[in-house]
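Given as structure tokens, the chain that follows is alone and in the form predicted on its own.
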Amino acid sequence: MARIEWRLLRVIAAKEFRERLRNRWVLAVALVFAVFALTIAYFGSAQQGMVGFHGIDVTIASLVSLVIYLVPLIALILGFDAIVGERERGSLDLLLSLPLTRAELLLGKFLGLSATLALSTVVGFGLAGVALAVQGQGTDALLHYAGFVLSAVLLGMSFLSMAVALSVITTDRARASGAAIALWFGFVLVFDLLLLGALVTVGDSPLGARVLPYLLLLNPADVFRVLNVFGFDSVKVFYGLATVFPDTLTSPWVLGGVMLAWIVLPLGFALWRFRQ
């Protein structure tokens, strides 16, 4: 296995990042995140007859659903043509003719796209954090919000990793975009519906208590939800799957490790496939 030249990897990542900056992709996504985050954070308690920025638990609970729907979609859109797009434009052969390995090209693209997504996420949701700071939230609350933003970045990177894998195994952009949309529907919408149906079916049986919590780990969106919502007793009761999720699996270190696995494994598969 050839040694990775980190200098070349940084060059590819910087090139990918600069291209996204030039086409204002970062600014557009950051504005979308900021507008939605500020709106939901301010009006998230409207159904209880309250508006404004309230406790950090209410704010994060209101923003979790936004992140689960929006961040994976944007990550998939960002990365689905990372390789297949170069192939269709005819530039992939040119890139591979340079003194550059396939691993350096793929990892460089992934890091550049990850930096783009991370910057957009931090800037967009950071504005809501500034609003919370102005409202006088304590240091612990702001640190908890920073952890929420970090987990949103990791969620985006996990779906970006899957998008890059799709880009490697598909033969054209049309198939890659269709597969990316199907992936979003599967993880964000269909997966939880199936699990809720299974929970209703098995009820309080030992099988449900033993198996269903671990099935949640098969979806990075659910890992993100557990990581940010189930730590608050005041809001986790509103999530049906909280009734079967054991406390031993709610450790931030365990869930953070699972999220990292969702980043590494699809990217590792993409790297293996790209080398074939």
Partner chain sequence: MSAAVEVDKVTRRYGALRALDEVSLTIEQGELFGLIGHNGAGKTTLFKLMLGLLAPDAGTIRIHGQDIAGAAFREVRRGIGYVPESVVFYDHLSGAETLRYFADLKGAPRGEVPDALQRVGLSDAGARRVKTYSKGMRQRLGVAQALLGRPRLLFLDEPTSGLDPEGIHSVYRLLHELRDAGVTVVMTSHILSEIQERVDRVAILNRGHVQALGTLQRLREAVDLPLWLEAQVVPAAMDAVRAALTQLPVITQRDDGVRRLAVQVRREHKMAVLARLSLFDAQISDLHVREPTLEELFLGHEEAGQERRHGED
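Positions refer to the first chain, counted from 1. Not measured: the values here are computed from a predicted model.
This protein has a second form, the form predicted together with its partner chain, left out of what is shown; the following refers to that one.
Although the partner is absent here, V123 lies well away from its partner chain in the model of the complex, with no heavy atom inside 4.5 Å. Contact between E104 and its partner chain in the model of the complex is found at the 4.5 Å heavy atom cutoff. When contacts are judged by a 4.5 Å heavy atom cut-off, L96 counts as touching its partner chain in the model of the complex. Its partner chain is not shown here, but in the model of the complex it comes within 4.5 Å of a heavy atom of R89. Residues with any non-hydrogen atom within 4.5 angstroms of its partner chain in the model of the complex fall in just one of 96 to 104, 149 to 157, 124 to 132, 163 to 171: 96 to 104. Of the residues in 4 to 27, those that come within 4.5 Å of its partner chain in the model of the complex through at least one heavy atom are, in sequence order, E5, R7, L8, V11, I12, K15, R18, E19, R22, N23.
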